[in-house]
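Single chain ahead, written as structure tokens, the form predicted alone.
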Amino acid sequence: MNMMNAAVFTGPGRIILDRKPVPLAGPGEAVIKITLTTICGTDVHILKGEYPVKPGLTIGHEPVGTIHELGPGVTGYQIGQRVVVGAITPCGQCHTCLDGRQSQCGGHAIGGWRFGNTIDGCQAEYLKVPFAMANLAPIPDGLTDEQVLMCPDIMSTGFGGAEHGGIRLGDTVAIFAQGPIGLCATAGARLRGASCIIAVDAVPERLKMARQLGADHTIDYRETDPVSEILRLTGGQGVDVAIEALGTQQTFENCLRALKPGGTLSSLGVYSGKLSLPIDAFAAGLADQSLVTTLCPGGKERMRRLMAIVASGRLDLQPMITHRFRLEQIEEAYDLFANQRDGVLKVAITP
């Protein structure tokens, strides 16, 4: 039996490099050889025991690779072809998918998130892809692995927050937290036509990157109360859209307090514990405001569109890759990323 290296969750506080069998492709499936992947903030939630997965699961949901094996029924692809697979792998055939909610594939919440959640993920040398015909997205010639590494999750998620927030031409938008997903939400707001983008964080490197990606104003919440400053910048009106990209009670409340009547709170964070609505900030439910949530849109057409944006030159997310590791260094990579040391934004993991 062929074996491979894989990053395995063994219990809260521990993800280790272990050995597992190389997966085999069944009907409708494919196996890809991973050439590049990364660590997501959700993986850190798993590491800390804040999001439950079964011990023994391979972690990771942001795969870039080449096709190693095609199962029966998978046509139109070639062995060795370079592909991206979204973090969310919809079947494309269930009622929820056909209803346009592919992220919720199967009809239950977050049903489309399988890698590193319900099946083995991609922080490994090989990955089995379910519903391959709906999820294998060929990488255009001329694009490198690093250029498309953000497409499977954070680019799709951040853009999804901007899209679901309904940003219109000329809108004023505030994005709370400028981690990788918040930065992509900032870039998405610019591409959607926002005329004023306000980015909130406390890490200088993140605020600098936010300006590079389109933020007009940046707020260091350690130095200035972000809600007061946003209200000052908007003449007391508040923003049309507030995007929450961290997953904490405080940032959620700040989004509400910075939002104008009739505005939209677009939530991207992964929350743990209890989340409550303060009645004053919620205007007792009478402010005509909308609250929307987003799970990373997936599927090969979504990936094609995101890669087309990269190929067009309209957005370059490579500068977000601040550190590079081999798969054999995965525990070191998690330690750096989870503790946000050395100005880390995203890490590239190469088997």
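Just so it is clear, the model here is predicted, and its values are computed rather than measured. The first residue of the sequence shown is number 1, and the count goes up from there.
What comes next is about the form predicted together with another copy of the chain, which is not displayed.
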Which listed residue (207, 133, 143, 233) meets the criterion of a heavy atom within 4.5 Å of another copy of the chain in the model of the complex?
133
What stretch, of 95-103, 79-87, 118-126, 174-182, brings heavy atoms to within 4.5 Å of another copy of the chain in the model of the complex?
95-103
Considering only heavy atoms, tell me if residue 324 and another copy of the chain come within 4.5 Å of each other in the model of the complex.
no
Under a 4.5 Å heavy atom criterion, is residue 216 part of the interface with another copy of the chain in the model of the complex?
yes
Considering non-hydrogen atoms and a 4.5 Å limit, does another copy of the chain approach residue 190 in the model of the complex?
yes
May I ask you to state whether residue 226 is within 4.5 Å of another copy of the chain in the model of the complex, using heavy atom distances?
no
Taking 194, 286 and 295 as the candidate spot, are all three within 4.5 angstroms of another copy of the chain in the model of the complex by heavy atoms?
yes
May I ask you to list the residues of 259-285 that have any heavy atom within 4.5 angstroms of another copy of the chain in the model of the complex, in sequence order?
260, 261, 262, 269, 270, 271, 272, 273, 274, 275, 276, 277, 279, 282, 283, 284, 285
